[in-house]
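This document starts with two versions of one protein chain, written out as structure tokens and named structure 1 and structure 2.
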Structure 1
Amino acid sequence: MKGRVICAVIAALLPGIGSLGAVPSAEARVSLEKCTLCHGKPEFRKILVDGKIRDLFVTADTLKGSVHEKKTCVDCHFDISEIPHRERPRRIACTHCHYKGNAEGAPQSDAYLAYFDSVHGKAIAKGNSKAPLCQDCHGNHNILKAKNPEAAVARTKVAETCGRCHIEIYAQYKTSIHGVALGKGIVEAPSCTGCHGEHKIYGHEDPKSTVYATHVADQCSKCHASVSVMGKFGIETEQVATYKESFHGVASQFGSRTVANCASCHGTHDIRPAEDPLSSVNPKNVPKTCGKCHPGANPNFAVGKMHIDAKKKEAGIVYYVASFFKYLTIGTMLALIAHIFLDMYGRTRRLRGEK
């Protein structure tokens, strides 16, 4: 059933696929030279209804350096079969080539299937023309491999790409600890995709989402519980473990969606170090942050360390009291057992003496 839906979506996205049989033969194909007759003029542009200018200038160098540099215009704009074309070309359907088992030699992956299930793919399927297709993130004529640092989806660039639509979030992220770190060239710092995933991006209220309330701690712990990553920056790695031992963490592990997760206190796109006065976990802001769930929270909430592990010496008095009780309990058990055996022994003697 699901497969059928996806097929239907693909079919809807690929209006050109129906006319696949009618693809013109190689001789009849429109050559690059013919396109540049018009598109090769630098002033070739169109003023759109909303006043924006669409640059239509294309030359033989446009695809140069991109992954598609050996392709020609109509490989993607396959709905153009006559020059000059009378209608505006349709949006490009990358799945024309990029599907598993394609004969074109295009990279084969199921990424597009993941995309169709994602929040963006679903929005497209619902008819939201503003939702992004492949080319909106990966670029159009200038597509580069994701590993290429210049690619629109490269780790250091992807936030900017997402930010073209998600403007406010991008602004928050850019000044957050993660955004600043990435800006400084620290590649370990997460960009949008680091937390939200790449093609499988879901809304945060979708249980499949990596940032769904009960998944947040696991998602953060991918980096924050790793000594090899955090060690480089002198950040503690126990924060996730201590969270999981806390009331919040236990409730979250057992499926509570209203209990605090990492993001509830530290923020999401606007995470900042605690020393930063704008940070939601800065002592000054703690009453407000805790107050979201604990009405009437006061500055006393900021007194003391939040993340503690009673099993470690760093917890101070909590550790020592816990150890004291541990040995008290063991001692009590041993004393009780000793008393029981002694008393039984005595009782046997007492019975013998009486009889």
Structure 2
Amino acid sequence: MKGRVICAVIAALLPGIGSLGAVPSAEARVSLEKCTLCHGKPEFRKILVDGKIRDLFVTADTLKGSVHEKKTCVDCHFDISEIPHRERPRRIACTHCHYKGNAEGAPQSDAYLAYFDSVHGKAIAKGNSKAPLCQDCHGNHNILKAKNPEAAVARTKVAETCGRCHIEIYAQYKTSIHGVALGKGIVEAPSCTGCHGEHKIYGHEDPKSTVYATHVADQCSKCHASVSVMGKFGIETEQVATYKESFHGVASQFGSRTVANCASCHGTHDIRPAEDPLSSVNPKNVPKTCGKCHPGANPNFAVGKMHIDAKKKEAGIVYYVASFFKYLTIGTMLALIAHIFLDMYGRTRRLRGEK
């Protein structure tokens, strides 16, 4: 199945793949000067059928500072062998250079294989022309390294990049606690790739997805269980442990996909602090949030602490009840062991004929 998907995506990326062997010789390669006869004009653009304008203005300065700074036009547009070109150039196939073992100097990575198996790659394989390819996320002429703050896939920019297609989700994320924090330059705050992954992005109903129902708690725990990360912002890490010890957490670890996880209560892209009136865990909204699973939830659901650590006195009556049953269990086990020992001792004496 995976092989068929890869073949389909390669076919989508490389239409007319059979003609790739006929790469122009050095003498026949189109020079930059010839390309800029048209593309070097600032007003050179095309109006698409949907009314959008595609800017076709490109000069030698366009590539300066990018990872492809030393490349020429036909290194990527290798299907162009004459000027003017009679046919519209095919979409760039980054896999022409970006594969493990390449001799072009491109990063030695199999990331493109992960893309083929992702939700985006499968959409391309099914003929969805709107599904993103490499250049839709990384950029076209102005591709910068991910560590560069100005890169389209930089940690502080990637949400905006994803938002070009996922507009409504981006709007929710932008005003969430994570989006606001990232907007303030707090790089520890998760962006799209922090939760969904980079090239290995799967649909949320796919068991391989990092946001699959039974994986959500573990994904959130990567940050929220880290003392070094949460400690910077004065946020407790006990929520992770208390959830995993709760009924919801135990059921989730046993594979339940319907039991509540972090996102069920706190939200997904629109996570807000509890004091925010729009937060799903704001005391006024808790009955409605809990009511999604517990019909008839009333204001009493919002009374008391949500994440309770039964080992701490701050848990109130829960701590004392838990302590009572703990010591009751220990006492019962000790009494049982003593009973068994005394019984064995008595039986041994009787077998020896002792009185």
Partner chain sequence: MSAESPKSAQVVRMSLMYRVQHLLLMVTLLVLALTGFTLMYHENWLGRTLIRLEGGVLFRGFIHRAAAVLLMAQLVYHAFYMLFSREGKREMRDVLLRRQDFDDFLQAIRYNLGLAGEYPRFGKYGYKEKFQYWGATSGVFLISVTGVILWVETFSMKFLPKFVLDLTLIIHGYQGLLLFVILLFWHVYNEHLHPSVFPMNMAWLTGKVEVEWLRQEHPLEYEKLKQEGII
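Between two forms, the rigid core is defined as the largest C-alpha subset superposing within 1.5 Å. Structure 1 provides the reference sequence; residues are numbered from 1 along it. Just so it is clear, the model here is predicted, and its values are computed rather than measured.
Q: With both forms of the chain shown on their own, indicate which is the form predicted together with the partner chain.
A: Here the form predicted together with the partner chain corresponds to structure 1.
Q: Would you pull out the angle in degrees that the smaller rigid body rotates by relative to the larger one between structures 1 and 2?
A: 22 degrees, smaller rigid part against the larger.
Q: Where the core is superposed, what shift in Å does the CA of Leu336 undergo between structures 1 and 2?
A: A shift of 6.1 Å at the C-alpha.
Q: Once the rigid core is superposed, tell me how far the Cα of Gly346 moves between structures 1 and 2, in Å to one decimal.
A: Superposing on the rigid core gives a C-alpha shift of 10.0 Å for Gly346.
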